[in-house]
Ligand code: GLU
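Read the single chain below, which is given as structure tokens and is the form predicted alone.
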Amino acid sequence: MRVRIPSVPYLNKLRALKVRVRLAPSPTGTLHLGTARTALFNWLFAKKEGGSFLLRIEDTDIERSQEKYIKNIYQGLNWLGINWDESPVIQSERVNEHKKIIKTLLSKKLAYRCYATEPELDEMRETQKRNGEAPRYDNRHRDLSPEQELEFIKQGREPVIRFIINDQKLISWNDLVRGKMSWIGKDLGGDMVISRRAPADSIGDPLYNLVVVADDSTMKITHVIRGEDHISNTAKQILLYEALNLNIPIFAHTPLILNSEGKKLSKRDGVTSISEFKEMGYTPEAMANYMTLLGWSVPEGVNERFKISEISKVFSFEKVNKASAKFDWDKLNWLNSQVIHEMSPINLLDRLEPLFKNNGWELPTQEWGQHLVALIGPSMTLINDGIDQAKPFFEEPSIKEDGKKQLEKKEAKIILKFILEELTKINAPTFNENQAIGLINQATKSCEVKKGLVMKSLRASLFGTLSGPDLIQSWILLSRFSKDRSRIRRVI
């Protein structure tokens, strides 16, 4: 394939169009990372050009399409902040229109009924394989006589309908990502099936390439932005646009997303759906930010940590890469941690409080909750990290090995008895930082020990371990509802 930069007339044509783009997911599974990235590139382009982003649910695979997946697609896009501008089009509601188009192609002799059986097609493929030929339909029923058709019908054969592809036809388009693209008709696998098997006096279920062309035309889509795995479909669809005398949209084929081994990202790699990323504790801000970077290069002077509402002002296909993008967990985790660290305590508490409630934890006050998340937020990478880090503030922790060794020191009990006695003189709800620091200093002096021993013993009694967030702030939070006293009492 030859590639070159799009021509000036072509770019002028692009600028003259009122941009209308679409995402057309199939509801046969949850919203996949790759589909969400495609949605994002469409949305960013529409916003940059002042156009419209539309949604079409391609649910014509009746056996596999499910309502729960449609709901998952809507929820995933909304969660990412990708909103659509018109009511979603449901493809299955347009089947009669698709069949009318097939009838038109039949009447113009641009399509025909093919009665070849599956065993006959299998035999054809095996012969091609033995001869070292590429698999393709040999167009054997393109020119059947009425008598031949009648004989096949008497045999009870149900035909598919095929669209005629001229093997010598040159199909070209200017791709916004890949430049000039060219295909020869003979490389498209023979005449294309556009409807499934059905009795000869009817039309079977219309198939993908036909219905996509029909619906994109009806929706007045100006730009079709999708993954590079659709390139061969684009060549076939251009032939259908031409046969039906429809306006051909501008195409952009974005790079695939690969795993660490350089293979196409799939369910075998574990987490691939947007709902799974959400459940793991990734934020929509980080996911949208990271997905934009999967195949798009940040312009000079623009920070790679951004909001999609900001980046839509500078997004362009000139910066979309031809090479596939590798998924990088470390980069995503870093971005997610940055989002969390930049959140205000109020915002972070809004994300965490539902998780706390799922664990049966109730906040004493909203102010106390904000104090808690401000304390644990800087060490969080995922939202879900907040569960483990907040747990010791809601539930009495067990004593771990390092905490046990600390509490076995003879000075530890002396220190903790002193602190507990002093705490009885302090009003728990008003316990503050100055009082906490003063009490530690007082214990250091009165018990004639080093300050470090006092702080380690106190931490081990409160949290059962020697690691954790800032001791003073943690102690204050526990003291607000007297949990510090009960925890110290249990170890002395």
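All values derive from a computational prediction rather than experimental measurement. Start at 1 and count along the sequence shown; that's the residue number.
The discussion below concerns the form predicted together with glutamic acid, not included here.
Though the partner is left out of this view, Ser65 does not reach within 4.5 Å of glutamic acid in the model of the complex, counting heavy atoms only. Heavy atoms of Glu58 reach within 4.5 Å of glutamic acid in the model of the complex, making it an interface residue. Residue contact check for Ile165: none of its heavy atoms lie within 4.5 Å of glutamic acid in the model of the complex. Interface residue remark: Val21 is not counted as part of the site for glutamic acid in the model of the complex, having no heavy atom within 4.5 Å. A heavy atom within 4.5 Å of glutamic acid in the model of the complex is found for exactly one of Lys71, His230, Lys357, Lys417: His230. Contact with glutamic acid in the model of the complex, defined as a heavy atom within 4.5 Å, holds for exactly one of Tyr137, Phe315, Tyr208, Tyr112, namely Tyr208.
Residues placing heavy atoms within 4.5 Å of glutamic acid in the model of the complex fall in a single listed stretch, namely 24 to 32, out of 450 to 458, 24 to 32, 463 to 471, 430 to 438. Residues from 359 to 384 do not approach glutamic acid in the model of the complex: none has a non-hydrogen atom within 4.5 Å of it.
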